[in-house]
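Here we start with a single chain on its own, the form predicted on its own, put down as structure tokens.
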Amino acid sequence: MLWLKNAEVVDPAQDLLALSDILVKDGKILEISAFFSEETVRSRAGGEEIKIIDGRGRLLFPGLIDVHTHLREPGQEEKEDIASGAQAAVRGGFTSILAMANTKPVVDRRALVEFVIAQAKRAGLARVYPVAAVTKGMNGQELTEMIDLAQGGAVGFSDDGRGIQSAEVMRLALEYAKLTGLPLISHCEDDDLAGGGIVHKGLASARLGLKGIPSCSESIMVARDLMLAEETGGSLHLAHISCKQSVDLIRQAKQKGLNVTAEVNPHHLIFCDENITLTATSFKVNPPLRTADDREALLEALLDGTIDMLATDHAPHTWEEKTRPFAEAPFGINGLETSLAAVWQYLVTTGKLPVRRLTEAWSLAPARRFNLAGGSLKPGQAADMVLFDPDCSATIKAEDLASKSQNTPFLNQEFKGFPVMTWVGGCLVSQLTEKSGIMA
């Protein structure tokens, strides 16, 4: 049995933010209290060996859940595989992750859904939940067998990486997905308006001489999908929202009571298009970094609940790919190992984001939306937990990352605030080592 003492427990599901002790037994939260005596703990242990961890000066969160990752397996294992991605996840404080379907081959068949689950079990680290494709081959034309995919273990459907351009296909997808009870995750991008752009269309794109992607390429599709969700009564989740126009539309839809949730990526809350230089290809993401005004609107929406959750959009690429000229480099940021530390340093310590809201947005809200284990430290729940040290300092180094890829804008930056221990189902799967100063 595990006795974790004196930690500042942050659990929005219990409206709890207080120094507490937690007992873990048989992989589950047994009990939580302000204090346990040794006699009480021995009686709860029933003769089992008791491991004691002092969490003094640290915070204990329910395990973080990332609803948007790209693990590249099957087919692009040189960038990432399920084992390396799961290891990166637990190092970053994530006990559960949703793996997107845009692999090679696309996860559009039950056998591939089951393959992802099997590979995750072999790794034995984070819980990995497959998101299956909406359309076969992600070609935007013919729907997948959603019921069969759901029965195989898919927790949602998405053609993420490509926007579904046909309104009729999207409407049918929302209707069909209702039969599974699972959300449809929309990558909102109008290809005609995006027009092969590289960065946000504005002053920065003009300065850099790069083709721009206007905000309306996203917001027009957000409006379309919200209207279709209203007509069909479908369950819609909007991925990687990046601009103020989209936020306004989502806020209106929620006021009308639509079954819609939305996510925002840390890089869209921390950076804007003014940060981009022609050599900084880690800032090349899709949707692109928008304006400072968009960034502020996204943070406001996260704070007031218009945007429900945070998600990394972990998108690993090889070093060779990301060292190409900006126009030729692929879109994407590697995020699993650095996102919590970055959000803590840039947003929490600066007073912009309360720790309770961070935990709610990165644990409770994802668990509820996708009907997953975790999200809370209530007795009886799986003991998916993260012990976080706000005073721990470390420098992000490429050679220390568990991920196969290093395309993060935070390389060689020193952060203060890291997860130091991560448990999945009561098993310690990651621990900070004093020797390296990184999660191991």
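Residue indices: 1-based, along the sequence shown. The structure displayed is predicted, hence computed values, not measured ones.
Beyond the structure shown, there is the form predicted in complex with a small molecule, which is absent from this document and is the topic of what follows.
Three-residue candidate spot R72, H187 and V285; every residue lies within 4.5 angstroms of the small molecule in the model of the complex by at least one non-hydrogen atom.
In summary, among the residues H237, R91, R290, H317, the only one with a non-hydrogen atom within 4.5 Å of the small molecule in the model of the complex is H317. Screening N102, T144, T359, T180 for any heavy atom within 4.5 Å of the small molecule in the model of the complex leaves a single hit, N102. From the list 339 to 347, 108 to 116, 154 to 162, 211 to 219, the contact stretch for the small molecule in the model of the complex under a 4.5 Å heavy atom rule is 154 to 162. When the small molecule is considered in the model of the complex, F331 lines it closely, a heavy atom lying within 4.5 Å. Heavy atoms of E263 never reach within 4.5 Å of the small molecule in the model of the complex, leaving it off the interface.
Not displayed here, the small molecule is approached by D313 to within 4.5 Å at the level of heavy atoms in the model of the complex.
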